[in-house]
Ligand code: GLA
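Okay, so here's just one chain, in structure tokens, the form predicted on its own.
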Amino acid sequence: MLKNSLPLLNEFRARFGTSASLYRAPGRVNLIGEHTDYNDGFVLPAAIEFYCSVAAAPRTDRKLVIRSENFNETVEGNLDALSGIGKNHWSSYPLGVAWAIEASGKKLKGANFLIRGDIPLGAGLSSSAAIEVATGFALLEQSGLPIDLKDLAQVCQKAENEFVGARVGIMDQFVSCHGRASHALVLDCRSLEYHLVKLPPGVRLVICNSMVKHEIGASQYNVRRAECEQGVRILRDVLPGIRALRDVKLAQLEEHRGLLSPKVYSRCHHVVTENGRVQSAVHAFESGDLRGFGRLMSDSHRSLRDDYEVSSEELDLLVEIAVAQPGVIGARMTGGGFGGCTINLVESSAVAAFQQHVAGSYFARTGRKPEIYVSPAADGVQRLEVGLGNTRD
């Protein structure tokens, strides 16, 4: 936010001795469509008003000097020989994006970076995509290179897949690039075609943080993707036209479930039905059927809990508490799972009471104090013109 921009620029000048340009990219919350993106499926996320902000200025050499305020650490990299610092290290995300841009055939210039983020880490709100997109946008502009947001999303995904080692889909990076205030974004993760869906008036996005952190690069996330790919390989013997679970109809899955182990069938069942729920959810939003949307959120959470097995006791409890509150349209876990957050659609007039009751009930039953955020949908990555308002480049 602009009120925090001048301190970051001043700190950059104090550290590096030059002025800087300022960029930011948002985190995201996913309304429905979980674990479908890496199966070529459909998703319905929205960018949120939590950001990774980056102050950046070019260098005359091919060095990257990256300072993180959140981690109180500085890392250097050479664009001619980029390598990661270590497993799960924060610097792998910006360094990986530089590596992926260079691998695409573009020649970058060196740069100094000062990074600050206010997206809760490990909460499933995509702090990783935000740092990737913000630093990627800054790298391209500081190097005088053209910026195509679709290409930027893809190189950021490549960085996380191949440099960081988390086999994530395209959703997080795409909505961090293309988000729009007051809108969700329905994305076809195969074609990358998308359109914006206006969020209903009188409804707020309320995010409940279980305060149980997850690591998106943890083995179980990659295991789920491998199980889906195993299902596709087996089903392709009887359905030779399929490329991903997105191509499998529910009737076909049921017909051939005997070919799959119970676990692989359950993973496939979640993805196939979740793709259908996204399509139904978009129709519900666009037709004003909010109760129908809420039922789809409940179905999605049950599927993630039972078929995909990526929920947790804390997430299940937050959903249980939420759906009992007045004014709640729907609730479900959001993000990769194994901890993190739930997303709740709540009538505006009920938000204050919702926050109070959910926080109190959750603490009483777990001893944990949840963080509860209310955020409008936000715009995607942009360069900030401090004192002149925001402009999207």
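Because the structure is a prediction, the values reported are computed rather than measured. So that there is no doubt, residue numbering starts at 1 and follows the sequence shown.
The form predicted in complex with the named molecule exists for this protein as well; it is not shown, and the discussion that follows is about that form.
Within 4.5 Å of some heavy atom of the named molecule in the model of the complex lies at least one heavy atom of Gly169.
Gly41 falls outside the set of residues with a heavy atom inside 4.5 Å of the named molecule in the model of the complex. Using a 4.5 Å cutoff between non-hydrogen atoms, Tyr221 counts as a contact of the named molecule in the model of the complex.
Taking non-hydrogen atoms only, Gly340 never approaches the named molecule to within 4.5 angstroms in the model of the complex. Of the candidate stretches 54-62, 330-338, 362-370, 348-356, only 330-338 has residues whose heavy atoms lie within 4.5 Å of the named molecule in the model of the complex.
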